[in-house]
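Next up is one chain by itself, shown in structure tokens, the form predicted alone.
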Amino acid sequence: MHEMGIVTHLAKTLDELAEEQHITRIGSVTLEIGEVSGIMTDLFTDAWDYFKVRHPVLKDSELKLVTDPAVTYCGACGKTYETVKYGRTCPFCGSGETWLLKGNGCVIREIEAETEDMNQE
């Protein structure tokens, strides 16, 4: 279950960002999850709910997941196609000379946050 490890790293990254940017509360985090990343979104959400209560800045935050479609490129014909639908074999020319262009990552797309007022004394 690599979802737990990813959430642990994400929470640590957000804690560091909060400290650097004087963020007092994170309202939501939007992640772009690759369609072929292997991340199981229901387990990821469960791991997020478990970990966020251990991080004060994340305690009341909402996790939003957006799917990043997987796209494969064919070196033989130069076309791109939907990876999940067609796999490694190009549907246009039948070549196996293909590679994944995108859709296997996990990226922070947006953070909704509140910062402390630096002018207060």
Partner chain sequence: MKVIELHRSVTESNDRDAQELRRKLKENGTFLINLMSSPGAGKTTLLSRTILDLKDDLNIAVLEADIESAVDAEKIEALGAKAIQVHTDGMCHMDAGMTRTGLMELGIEGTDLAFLENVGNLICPAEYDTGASRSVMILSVPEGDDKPLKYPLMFQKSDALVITKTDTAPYFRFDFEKCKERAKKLNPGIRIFTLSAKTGEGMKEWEDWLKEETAAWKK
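Numbering follows the first chain given and starts at 1. Everything numeric here is computed off the predicted structure, so don't read it as measured data.
Keep in mind the form predicted together with its partner chain is missing from the figure; the text below concerns it.
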property	result
Heavy atom of each of 4, 88 and 108 within 4.5 Å of its partner chain in the model of the complex	yes
Partner-contacting position among 31, 58, 74, 47 - heavy atom within 4.5 Å of its partner chain in the model of the complex	31
Interface membership of residue 102, its partner chain in the model of the complex, 4.5 Å heavy atom rule	no
Touches its partner chain in the model of the complex: residue 112 (any heavy atom, 4.5 Å)	yes
4.5 angstroms heavy atom contact with its partner chain in the model of the complex for residue 96	yes
is_contact(residue 19, its partner chain) in the model of the complex, heavy atom dist at most 4.5 Å	no
